[in-house]
Ligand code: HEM
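Coming up is one lone chain in structure tokens, specifically the form predicted alone.
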């Protein structure tokens, strides 16, 4: 008996780590650059932006963020650690943003090559059996019309279609026509516009800036000369604040109109501005600034955000010298414009620094534009300054103005009150013209109230591009939704001796949605066949 040895088993393929790594990277890239992934990332980007709209953001209102964290305990602290109060500069938002850009680029690049290839390709061959097409209509040409005449007439009727003429056996001639390439064009325009919108929006965050400033509405001015002129300033990553576009704004007045329920209805401020050559000549140009009508000058936009009140006080010191000051107070109730603040004074004529720091005054408290008393508690019943009054506490001592540490213009340093360096020396409600007399003979008179406006200066060098790409997105989306890809074929056969009239076949196919193409095919075929009857 003979035995046959089994052939040796084929060696298993040996996958090296390099090949496995390459396969992993290739599959990852394919998954990242798929249209499905791009749509998922776009949805995630919209979802990630929600906390920026629902939660206070540290760049816009840091005190409100601190208040929110304190009110929500461990939950507020956790959100802070996860960067939910700095959404648009957070790592996770930037990662989604960057991945979406990469996905769109990787997705659109091959689609663009395919689009160019399809645009350069000739229409497909005419099918052998046109009767099997979804839309089909046969007919006959005029008895005196030959194939060439019928084909020429068909070319004329199909003006505007991409078409090519071909010859078949037996003298048969065909036309292959296509229409609706604008659908794919619109699709690409939409996606490229989305990519452009994302890119230029990011560039705007790099090279743009935004600042807020309060200006007294009494002819006071503000110049965009540096960040030190702003109350708050948010700079782009590539902006250091030393090369801002120069311009100046002078606020002459402010007018507010309210509804019967006290809601603001109309804000208007007469301002003057100068930029460019006007800065050298000193020319001021008038402008009516409103909430939805910003001033555009020097590449920046100046917005009117809101307004408030500035109580005016005159202090007469024991030696007879006077100081008058009008400082903005912070609105605490937007419905009634009730405000709180602090107006601070240095006593003149004191050369000794130690003594001077013990004689500083601060007038703090509440201001009511339309005063209303609940017992002895002052409040306001309306936002207009119809009957202004203040409820003030007068503090005397060291305000800390020379300490080298910044402090809020709206309040005093509470630590100085707690340790006794600032002491309360008087408390009283005052109407316009009334005054308080302190124990040392100092008199404080409430002279009335002025107004201040809050302005925002925004600089975004990419806003024109963002607007252009946004419009292009809607145009491209409309084209991709409304335009339909469709094909049409015409076959013309020569007649016979028994029947010399040519035989015409017309067939159509909608490459996307067929809805509505039946009506168009009927109109086109009617022209093609009806125009041949003699």
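Positions refer to the first chain, counted from 1. Only the largest set of C-alpha atoms that superpose within 1.5 Å between the two forms is called the rigid core. What you see is a predicted model, and the numbers here were worked out from it, not measured in a lab.
Omitted from view is the form predicted together with the named molecule, to which the following refers.
K.L.:
If I take 3+ ligand atoms inside 2.4 Å of backbone or C-beta atoms as the clash criterion, is the pocket here open or blocked once the named molecule is superimposed from its pose in the model of the complex?
P.N.:
Output flag = blocked.
K.L.:
Residue-level question: is residue 34 within 4.5 Å of the named molecule in the model of the complex, judged on heavy atoms?
P.N.:
Yes, residue 34 is a contact residue.
K.L.:
Indicate whether the named molecule has at least one heavy atom within 4.5 Å of a heavy atom of residue 475 in the model of the complex.
P.N.:
Close contact is absent here: in the model of the complex, residue 475 is far from the named molecule, nothing within 4.5 Å, heavy atoms only.
K.L.:
Using a 4.5 angstroms cut-off on non-hydrogen atoms, would residue 310 count as touching the named molecule in the model of the complex?
P.N.:
So residue 310 does not count as contacting the named molecule.
K.L.:
Residue 205: heavy atom within 4.5 Å of the named molecule in the model of the complex?
P.N.:
Because no heavy atom of residue 205 falls inside 4.5 Å of the named molecule in the model of the complex, the answer is no.
K.L.:
Given that the named molecule is left out here, which of 194, 302, 87, 342 has a heavy atom within 4.5 Å of it in the model of the complex?
P.N.:
Contact residue from the list: 194.
K.L.:
Considering the named molecule in the model of the complex, which of 136, 161, 247, 190 comes within 4.5 Å of it through any heavy atom?
P.N.:
The option sitting close enough to the partner is 190.
K.L.:
Please pick out the stretch from 102 to 110, 410 to 418, 173 to 181, 455 to 463 that is in contact with the named molecule in the model of the complex, where contact means heavy atoms within 4.5 Å.
P.N.:
Among the candidates, contact is made by 102 to 110.
K.L.:
Going through 226 to 243, which residues have a heavy atom within 4.5 Å of the named molecule in the model of the complex? Please give them in sequence order.
P.N.:
Heavy-atom contacts to the named molecule in the model of the complex: nothing from 226 to 243.
K.L.:
So, does residue 41 move by 2 Å or more at the CA between the shown form and the other one, with the core held fixed?
P.N.:
For residue 41, whose C-alpha is compared between the shown form and the other one after core superposition, the shift is 2 Å or more.
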